[in-house]
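Listed next as structure tokens is one chain, alone, in the form predicted on its own.
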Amino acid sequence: MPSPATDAVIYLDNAATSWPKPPAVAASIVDFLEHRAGNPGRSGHALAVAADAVVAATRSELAALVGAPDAARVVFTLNATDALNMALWGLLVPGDRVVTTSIEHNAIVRPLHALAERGVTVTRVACAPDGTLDLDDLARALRSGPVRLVAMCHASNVVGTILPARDAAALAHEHGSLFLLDAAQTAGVLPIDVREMGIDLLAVPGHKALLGPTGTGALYVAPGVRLTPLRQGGTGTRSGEEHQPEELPAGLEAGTLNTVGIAGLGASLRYLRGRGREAIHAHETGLTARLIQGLADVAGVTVHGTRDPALQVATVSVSLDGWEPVDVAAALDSSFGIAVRSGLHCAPLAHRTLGTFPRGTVRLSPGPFSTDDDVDRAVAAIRKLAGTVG
């Protein structure tokens, strides 16, 4: 499929945020600001009603995407980090125990570190150096004592390795635990059905594979799960009461929503539905295979992770002998017009697991608008750099 104009930049940093966005995203944002930019749920005039309709439609699109049984249980957030904090701080109290993995992003690591300082016990299950998780290790951690929550990513943001979320959720429930999934790298690419997979809490960003604007995201909360809200304030409902409403989504959506961002997210979700998640996944898997194969025979280049496109999302991390990752990224940008990310990718524990701490790696992440030519040019550029010393 042809991509929107990209000003000749080869953009391979979709794991950080997707770019370019479908043209309908910008168009929807402009249309919202010009014709629908009231405050949803706060007033009864036409602009407010129109804004509320946009929010409701986007919420329904998200609910359908993840198989949520009730759209009201999809709560809008600022991003996946906000959603994860909402889940972790809203659920865990001193004395609780949570099991997680060694491949997590700081969006899980840092809240759990802070909660541990307040009396929550954190047990971390070690993943293999390629990022894979052994379910037997998870089962042993669950058998070692009561666990309130299992919290893990669906796929590594460093090497793309897909973790066995469905089986992990089943293990968690078998031991009386709730299951929280960080779908930052998978929502919009891999199939996610919260009921079929047994997901109690699901955090998704709007700006990555959902192709929406930054400042958007969502948290799904399963029936029967109650969270203490991080924020209390105006909701447009039960305004005469001093306590925060308990019903969702209002109970967790205090304050005015990022309505203009939600309008853009609604457009991106409609684009995804039209193009097809399966088609995008197939496209990105092909690009990942091409990238891994192209780099495999470059002397001095190490490709980290499983090196199997079927076992990962479109995120490939590499190291170049004689080069610091930050210098590789700078050279790719300045000399070849290729945008990638270097360093620790906000996941230092994952890099310790992979054996790439403290230098980190160079991460290349193609997206739905990337092409074979983009990948081939990136491989050729890395081949040139690998022949020199940084």
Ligand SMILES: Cc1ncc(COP(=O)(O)O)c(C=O)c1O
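In this text, all values refer to a predicted model and were calculated from it rather than measured experimentally. Heads up: residue numbers just count along the shown sequence, starting at 1.
What comes next is about the form predicted in complex with the ligand, which does not appear here.
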Item to check | Stretch from 297 to 305, 149 to 157, 168 to 176, 226 to 234 whose residues place a heavy atom within 4.5 Å of the ligand in the model of the complex | outcome: 149 to 157
Checklist entry - So, in the model of the complex, is S319 in contact with the ligand at a 4.5 angstroms heavy atom limit? => result no
Next on the checklist: Considering non-hydrogen atoms and a 4.5 Å limit, does the ligand approach G212 in the model of the complex?
Outcome noted: no
Checklist entry - Does the ligand come within 4.5 Å of any heavy atom of A378 in the model of the complex? => result no
Checklist entry - Even though the ligand is not shown here, does V25 get within 4.5 Å of it in the model of the complex, heavy atoms only? => result no
Checklist outcome for this item: Only hit among V189, V99, L91, A184 for heavy atom within 4.5 Å of the ligand in the model of the complex is A184
Next on the checklist: By the heavy atom within 4.5 Å rule, which residue out of A267, L84, C127, L112 makes contact with the ligand in the model of the complex?
Outcome noted: L84
Checklist entry - Are there residues in 88 to 119 with a heavy atom within 4.5 Å of the ligand in the model of the complex, and which are they, in order? => result H105, A107
